[in-house]
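Two forms, one protein chain; structure tokens for each follow separately as structure 1 and structure 2.
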Structure 1
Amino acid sequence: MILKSMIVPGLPQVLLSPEANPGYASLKAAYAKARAEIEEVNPDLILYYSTQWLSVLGYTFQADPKPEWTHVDHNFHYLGSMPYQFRCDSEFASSYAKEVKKLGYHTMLANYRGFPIDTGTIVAQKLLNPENKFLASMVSCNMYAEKAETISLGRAGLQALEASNKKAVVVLVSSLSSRFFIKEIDPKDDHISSAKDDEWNRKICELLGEGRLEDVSQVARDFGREANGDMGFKGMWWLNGICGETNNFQGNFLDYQAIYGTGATVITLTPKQKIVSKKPIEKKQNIVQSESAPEPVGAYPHARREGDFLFLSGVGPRAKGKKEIPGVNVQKDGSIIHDIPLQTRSVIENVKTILESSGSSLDHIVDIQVFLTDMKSQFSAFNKVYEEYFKDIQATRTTVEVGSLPTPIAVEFKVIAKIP
């Protein structure tokens, strides 16, 4: 089970030069408070996911029971060396890898002398568990993984914890915004490098402080794009997956500061009730079922990958989990008034959701077929909204009138997109 989770920063300034800036010292103090929270719940292990440990071949798990090295950060080597000797839970590493392998992903147990543990994990471990009081476990961040896969990796972690009957604190080591200063700065003058990033960071801190992990996971993609989130902020998907995908946490906001222009926060999340695991989604190479888009109304997927292309099933304006269809206004006499702009907008947003769940985006659409139920009355309103989204994308388009569509809707898109 999971006793507690947290997000902490992984840049070395907090560990190696806290005196250089009051913000770094403040983060170190926040780390100490997080450490006290861990000691209070007395876990069997601390499980880390660091955005600085990248893998290509599926996922790697630290399986050396006693990794030992003197590490130097490639960027901030002038801050000093980080000697470490950790105690790791090899048994749990195997259990976690087994769960992930079941999903169809490549896994690797790293039990090699001198295997390079990343700066982020070292910083977090040295500040949260400096005396190796608790066993540690570490899983890599796959550089290609998207949302569904990363959430599944998290879910598999919870299943592995349940199967091994272990109590864990889970730690996401990640910056918020990740826009570094690219010129030498005096650490005393450190601040968030962009006002926009700062605004986004504060919003994320506010949501997490309220315990709204699921909500943060939902906006992670926007955050990643708008605020240059650390590795697209994908770590938040892992944290959400392993923590049961709810907002049911007691959040404890401990700090938010800048490190070399990036956003750094320490926030702990304590579950208000026992976290219930969800079944991880097995990897099916070609089939895409988006968790955010409305469910299909038949036995077909949202999309299918073939080579570098993504073929979407017909997409209407329905909203996920709602009975009412946006832009379909049912009158008392049973007749329907179609709000074409609203339906068109809703269709495009659904297309966007499916594409993003598949690692693509609106920008990568190459061809669209549009189905309208009444060309004469609907085309102009549809076309105006279409232009808002697609003026610069310039996908090819064919628009046809059809007698009816499967649900009482007036607009449907059939889309082909590239996968970048």
Structure 2
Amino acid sequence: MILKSMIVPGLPQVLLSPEANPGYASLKAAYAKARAEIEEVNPDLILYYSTQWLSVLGYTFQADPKPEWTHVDHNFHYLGSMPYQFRCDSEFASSYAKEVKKLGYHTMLANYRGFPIDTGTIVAQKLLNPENKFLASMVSCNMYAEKAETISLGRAGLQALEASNKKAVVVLVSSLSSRFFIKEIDPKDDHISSAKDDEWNRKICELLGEGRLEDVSQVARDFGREANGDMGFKGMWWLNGICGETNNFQGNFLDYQAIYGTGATVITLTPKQKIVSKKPIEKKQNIVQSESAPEPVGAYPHARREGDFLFLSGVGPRAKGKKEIPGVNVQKDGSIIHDIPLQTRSVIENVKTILESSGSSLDHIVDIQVFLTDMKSQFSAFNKVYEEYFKDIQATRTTVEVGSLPTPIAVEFKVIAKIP
């Protein structure tokens, strides 16, 4: 069960030099308010996902029950050392790793002395749970994972919490914009390095303050591109995945400041009702076979997932489980009369079925290739039906004439769509 979620900054200034800038001190005070919220709900554990703990191959989970070391940040080493001794939930780490491994991803449990905990997690843990009152759990951020995978990592976390019957506060440790100053600055002069980044940051804070986590997740890619979001702002996908992919939260905006040119915020989100888990997308399910669509006529799937996109195999008008093909009328002499409007409609409905079986929809199509066997006699009738479905969607389209298609049909689509 998720009791609360939070977005907090992980740069060391807030912990090690709050007196150097009023903004740093303000963020530390906001951290204290967030800590009070955690104390109030009394969780079984605090689960951290930090954009500073990077993994390349799959995901790593902190499984040492008592990790202890002295850490120095590699960028801001002059601020001093961060000795730590934490209490971690190694049992939950194993449960979370098990759920992620089911999806087909490589997992590793880190359980040896001196395994490095990143700056962000250390800062957050020391400010949110300084007395180790609550067990902690930590999962790495795969630097190459895209949206669908990262959301699935979050979904798997919620399933692990449900299976373990744990009540948790989940914490995303991430900056907003991450455009650092490239020259040394006096901390007293710290500010957001770009006016454009500042504008984007404030909008994200506004949305999260209204509890609109799902909306922020949907614009994370745009934010990452336009405001140089921390790790592309992918942490927001994880947070959205583990929090049920909804806007149904009470947001509490606590602070927004600059840290060495980057954007830093402290915001808490309280669910308005119990969060229900969604099934994660397994890695091996990049091959899509829809039970509702007509069977492929060759050794190929209905579609294939790659990253955030679906690539559909050629789709014709055939109906599932029927020998007759809609719009294909075979005459006694063996000739064929094609009902182009009916074929076109059947093709689009088959595309719709495959997309919806894959977690997408017609609205998310980005590109269509259309194949007609007689451009001159078929295009006009095809185009009228096409417009009924796609006038507002405005996918890009290429229509070409071909000599024939593998079965006695006159219309076939090749589609690329996004997975929302």
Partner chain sequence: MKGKIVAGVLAPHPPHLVYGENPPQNEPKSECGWENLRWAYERCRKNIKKLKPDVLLVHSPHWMTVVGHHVLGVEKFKGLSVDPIFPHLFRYAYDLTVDVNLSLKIAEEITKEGLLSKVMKNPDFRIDYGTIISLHLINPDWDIPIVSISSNNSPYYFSNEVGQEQMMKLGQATKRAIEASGKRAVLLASNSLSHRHFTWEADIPEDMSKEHIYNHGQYLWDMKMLDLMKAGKAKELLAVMPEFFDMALAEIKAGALTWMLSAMDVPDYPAIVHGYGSVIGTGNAVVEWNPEANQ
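Only the largest set of C-alpha atoms that superpose within 1.5 Å between the two forms is called the rigid core. Remember, it's a predicted structure, so these values are computed and weren't measured experimentally. For residue numbers, the reference is structure 1: its sequence is counted from 1.
One of the two isolated chains is the form predicted together with its partner chain, namely structure 1. Relative to the superposed rigid core, residue 69 undergoes a CA displacement smaller than 2 Å between structures 1 and 2.
Taking 2 Å as the criterion, residue 352 counts as shifted between structures 1 and 2: its C-alpha moves by at least this amount when the rigid core is aligned. With a cut-off of 2 Å and the rigid core superposed, residue 335 has a Cα displacement that reaches or exceeds the cut-off between structures 1 and 2. Once the two forms are overlaid on the core, residue 311 shows a Cα shift of 5.2 Å between structures 1 and 2. Taking the core as the reference frame, the CA atom of residue 366 shifts 14.7 angstrom between structures 1 and 2.
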